[in-house]
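One chain is shown next in structure tokens, namely the form predicted alone.
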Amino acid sequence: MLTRQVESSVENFISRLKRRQVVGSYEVAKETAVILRQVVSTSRWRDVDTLLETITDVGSRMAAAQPKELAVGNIVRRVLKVIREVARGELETDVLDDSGNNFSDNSDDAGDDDEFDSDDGVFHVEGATPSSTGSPLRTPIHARPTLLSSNASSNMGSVSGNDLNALATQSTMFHLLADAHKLKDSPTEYNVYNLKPLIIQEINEEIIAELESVYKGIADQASDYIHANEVIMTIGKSRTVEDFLIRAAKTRKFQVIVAETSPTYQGHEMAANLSAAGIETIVMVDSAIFAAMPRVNKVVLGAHAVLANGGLVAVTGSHLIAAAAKHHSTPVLVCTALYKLSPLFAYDVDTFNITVAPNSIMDFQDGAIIDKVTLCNPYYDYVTPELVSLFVHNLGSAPPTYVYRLINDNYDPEDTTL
């Protein structure tokens, strides 16, 4: 049950997502994490399952508002995994504590009633029914219940009293073992008041704090991949790539070629920022990418999202530059944060793409031509994993074949579909 204030925040965020007033993976991810933290702290829930259902419901509503912004679903999955991990840790602690208390309470009685013979590997149980020889009942701890045939099961009434006592003792031990496994696998009682502050603390430390330091974590690795006197090519405007190159320029001297990224011309702003940081920068038209690629030592790209197969969704023109780099055997580095990893697959390359107004390509004043042509202006490109050499993320680096492992570490398989 959401409070009015949280419900108002969710509806406001959904409205701004639909109107494209919140643009960019970073801004979307950070605001999603803050809203989900409010849901955890202010909503009323008696158990973890109720909280998981509430977070899933709110997250699916926000993800449906703008399906192309995969960062919304990614943060929701991260929060769900944090809740499950905290709950499992709390539950296991409770079970161990209860078990320890039970054992400690009964330790004195156990010492009086039972005696363990280490040489024979058996328990001597006092007070048990003695056998015909007068010796106490001795039950090996490794004994298994005997399988009964159909004839034996039909003649249970003819079993001797000693055999019945042994069988009952063995059955009781197996029932105790079975009950212990059930208690460990599906505990139902735990302290909810202890879970809430732990979950909020984990959201603050693992998700929100990571978002605030994501650019620094990637930029700190720049000197490991950018070397002196190299020629770097990039396309579009990406804050991650910009900080990455500017950090490398503090210790290295290199040249950057920026494709202008028509028709948005984001490359012009990117080139101006790099030039202001003291980096030698050249702006070129997109059609000259293939011709200039033989001079390039590395290609550095940004990403809007990274899919489960290692492919990425990036600004339009990224596939062109990655394909040209593949032809010339030029390594392609993709700077991306872990919150952009999505467990979804691109079964259709246009699934995660959007088309924008074509007036930047052809003006409506050219009415005679517009009536005869169909214009499509996609905003993103899908780059296959075969065209990517390495992903540089805020905690290290990984090849495209290792992306599935990063996804398994960050998300729970149950939350693939919200």
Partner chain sequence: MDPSNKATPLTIPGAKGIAGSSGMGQPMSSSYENQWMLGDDKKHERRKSSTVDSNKENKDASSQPNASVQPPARKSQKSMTKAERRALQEQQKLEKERRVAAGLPKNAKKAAELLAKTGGGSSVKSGSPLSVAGTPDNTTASVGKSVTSPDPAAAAKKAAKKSAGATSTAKSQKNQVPWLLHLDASKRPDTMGFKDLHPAVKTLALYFSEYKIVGSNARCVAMLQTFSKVIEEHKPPADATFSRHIQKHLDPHIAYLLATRPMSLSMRECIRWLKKEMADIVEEDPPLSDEDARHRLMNRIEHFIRERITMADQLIVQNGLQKINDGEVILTFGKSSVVESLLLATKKKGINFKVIVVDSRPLFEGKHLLRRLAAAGIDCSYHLLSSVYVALSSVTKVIMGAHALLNNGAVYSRTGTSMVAMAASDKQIPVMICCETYKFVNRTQVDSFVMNEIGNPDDLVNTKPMFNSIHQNHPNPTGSALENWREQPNLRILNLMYDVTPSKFITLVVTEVGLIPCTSAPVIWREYNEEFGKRG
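Numbering follows the first chain given and starts at 1. From a predicted model like this one, the values you see are computed outputs, not experimental measurements.
Below, we refer to the form predicted together with its partner chain, which is not included among the displayed structures.
- This chain appears without its partner; in the predicted complex, the one residue of 363, 386, 27, 49 with a heavy atom within 4.5 Å of its partner chain is 363.
- Proximity to its partner chain in the predicted complex, defined as a heavy atom within 4.5 Å, holds among 87, 324, 80, 300 only for 324.
- Looking at its partner chain in the predicted complex, residues 284, 319 and 379 each place a heavy atom within 4.5 Å of it.
- Of the stretches 219-227, 205-213, 71-79, 253-261, only 253-261 has residues with a heavy atom within 4.5 Å of its partner chain in the predicted complex.
- Remark: residue 249 does not count among the residues lining its partner chain in the predicted complex, judged by a heavy atom distance of 4.5 Å or less.
- Among heavy atoms of residue 197, none comes within 4.5 Å of its partner chain in the predicted complex.
- Taking the partner from elsewhere, residue 351 is found to have every heavy atom lying beyond 4.5 Å of its partner chain in the predicted complex.
- Residue contact check for residue 356: one or more of its heavy atoms lie within 4.5 Å of its partner chain in the predicted complex.
- In the predicted complex, its partner chain lies within 4.5 angstroms of at least one heavy atom of each of the following residues of 274-313: 275, 276, 278, 279, 280, 281, 282, 283, 284, 285, 286, 287, 288, 289, 290, 291, 292, 295, in sequence order.
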